[in-house]
Structure formats: structure tokens, C-alpha cells
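Quick heads-up: it's one chain on its own, the form predicted alone, in C-alpha cells.
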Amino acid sequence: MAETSGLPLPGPFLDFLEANGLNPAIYTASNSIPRYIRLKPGSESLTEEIEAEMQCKLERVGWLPGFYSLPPQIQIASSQAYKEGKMYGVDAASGAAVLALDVSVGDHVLDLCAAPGAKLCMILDLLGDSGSVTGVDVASHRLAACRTMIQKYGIGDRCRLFVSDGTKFSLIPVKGCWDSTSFQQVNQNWGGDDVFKEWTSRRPWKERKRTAKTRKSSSLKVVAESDHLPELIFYGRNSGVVGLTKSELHQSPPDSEVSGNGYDKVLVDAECTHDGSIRHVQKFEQWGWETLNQRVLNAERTDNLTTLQLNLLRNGFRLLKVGGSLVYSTCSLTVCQNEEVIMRFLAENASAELLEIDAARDWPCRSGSIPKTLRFDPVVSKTSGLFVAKFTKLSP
């Protein structure tokens, strides 16, 4: 077992790094990578107050608006600003992936792998009182944590969250979001059980009874048929859901309509081996290195992951409107989960074009092996490792 700056790395992991052309020196930066936070818009005046409470200096991240760095040992969860929903922790590289989307006022944005929610919160902050955000994740418990997060920060008015397989999700944005007057009329006048009213964490008694009855009497066939439908676990009053019937919500238009009515921006921050995240790798010291073998080094798992990543990218791009932008990212530093996925995707999609990320001119990162792609790493960027690529969809 080798040791780098106090972080012991087992031989198989060092072999993994060598096979992927990764320098183990990346992991020597484990004790020098700052902790990053983002202040909610309007909370910038609180920096001195936060510094006094946490007894450290907040260093503004010059290349990333709204971001500050703290010493790595600082814990933010006990601070008043965190508890009051005025700041949240998110790595600067993840913030860069969101910034690469170039979110504009009025955009309808899809976050296809939304949990645990920091990037989704940043997107909502950037949109303000316009557009909409649809968050999708296959893990219900992780998406529930995302729901808690957006409620804590009070930014869910134009957001909807679906538990769904991101490779199969097919719902496009609802462009005609309800204004407050329409919202009040719906809640006062539309009494049908099938119409979405204001979201509440407590389901009506009739709905709970109906669900229990369905579970008891439904055949396996019926259950299987309904399994593919996304489960809506949260929606804001101006997310476009209020006033819809359940059948209207789950309408999936043909691909020919998606090109004109799909999402303006799509973020695919895909599941990966997380080998680029120093803090994630550090956890294996507690979990045991055998767990690392199963989650990172296992060749079959990596093959399954690259297939998943490609399918997520394919579906996210399918749901993107012509002229829109899609950002693909992973916190892996391996070529097979990044450049190779990109090359396979471009080879099969004539309407996909890689874009230059304009904001990246001032970013502390290096180019990937494919032009216009970017790589953040702990040594160069002082962030977690992250790969970023940006696409647009051309007219057929």
C-alpha cells in the first residue's frame, strides 16, 4: 500500500490510476483543497457575520460568482447561515458545470440526475422568477433529500421533482406556467380528484385510501404497467403542474415535437465511479478498501456505468430542443467515462455539436483530450476532479 500525504492508497487503486493515465499526486492535495460554499442571492452582506461565527475568512472565488472558499476543516452544518438557508455547500467544479449551461431568464431546464440537489438549487437561483426546473433522479430517498433542500432554501416555486429512470424519462416542460390568479382559481373551483392542486406533503385521505385499495387489488400486470410512469414527489405553484390532470402531466410527445418544445438547457451530471473526488476516496478508509474494489475497480461495474452514462446522455439530448445546450459531467477522471462516452455519442448523433464553454477562459482547469472539453483536478484547480463537455442540438 502506497501513501500520499496521509491518504493511503492500495496497490490495486494505484494500478487503476496508472491504467487510466492518472497521476497519484492528485491525491496528495487532500489536505489543501478548500471547502466551497455558495451564498444565496441577497445574502452577500452576511459574509462578515458568517466569518465571525465560523472563525475563518471567506475567500471570494474570483472566477465563480457567488462562491467562497473556506479552510477544508471547517464544518458549515452547525452555522446559523446554513441552518437558515442562506448558504449551501457545493464544490466549485460542480458550480462551473452549472455555469457552463449559461442559464438565461425564462429557460426551462432539465436536471437529469438531480440528487442530492446543490446544482439544482444553483439553477433555481439563476432563474429567479422565470422559467422552470425539472429534477429527475432514480433514487427516491436521494431525491427526497433534494426536495428537503429546495424547501429549506425557499426556491421551489418553479420546480418539479420526479423519481424516474433518467434513461427513460420522457416528459417535456410545461411552458404555460400558472400565475397566482390562475392558481387561486384552480384551488377554489376545480374539485376533481384527478387535478393537481397546491402541493402538500400530506396526501388527502381519499388518495391514501385509493392507493391502499389499488395496492391490495391490483394484479402484477397492472403494477408493471404503471412502473414506468415517473413519480411526482414535489411541485411548486408556478412549475406548470397546478391545474393539470394526471393524464395530462404524463403525456409524452413524439420526438418530432420535442425538437421544438423540449428543454432549453439540460444537465446530465451522470453517475460515475467518483474517483475524481478526493473526499469520496477518503471515505474508503472508513468503509474499507474492499468497498473501493467493488465500486471503482470492478471492470463489470465500470462497463455498466459507461453504458448508463451513454444512455443518460442520449436521453437528455433527445429531450433538448433544437438550439438548446446540454452539459455532460462526471466526477470521474477516467477516459472511458468521459472522452470515450463523448466520442461514442458524437459518432451516432449527427445533430450533436460540441461547444466551446465561453466562461471557461478564466477557469483554473485544463483541456480534456477532446478539444472544447474540460478537466478540473485537485492540483490545477484546487477543486474535486470533474470532467465537463457542452453540446448543442442542430436542426435535423
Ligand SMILES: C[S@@+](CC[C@H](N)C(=O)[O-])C[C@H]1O[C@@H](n2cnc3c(N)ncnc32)[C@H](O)[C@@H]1O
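Each residue number is its position in the shown sequence, starting from 1. As the structure is a prediction and not an experimental result, all values here were calculated from the model.
Below, we turn to the form predicted in complex with the ligand, even though it does not appear here.
- Comment: the ligand is not present in this chain, but in the model of the complex one of L310, V138, A81, V242 has a heavy atom within 4.5 Å of it, namely V138.
- Note on contacts: among D125, E271, D157, D107, the single residue with a heavy atom within 4.5 Å of the ligand in the model of the complex is E271.
- Shown alone here, T306 lies farther than 4.5 Å from the ligand in the model of the complex, counting heavy atoms only.
- With a 4.5 Å cutoff on heavy atoms, K265 does not count as touching the ligand in the model of the complex; it lies far away.
- Contact check for R142: a non-hydrogen atom falls within 4.5 Å of the ligand in the model of the complex.
- At the 4.5 Å threshold, heavy atoms of G236 stay clear of the ligand in the model of the complex, well away from it.
- For the candidate spot formed by P116, K119 and G166, every residue has a non-hydrogen atom within 4.5 angstroms of the ligand in the model of the complex.
- Considering the ligand in the model of the complex, the lone stretch of 318-326, 125-133, 108-116, 243-251 in range is 108-116 [heavy atom distance within 4.5 Å].
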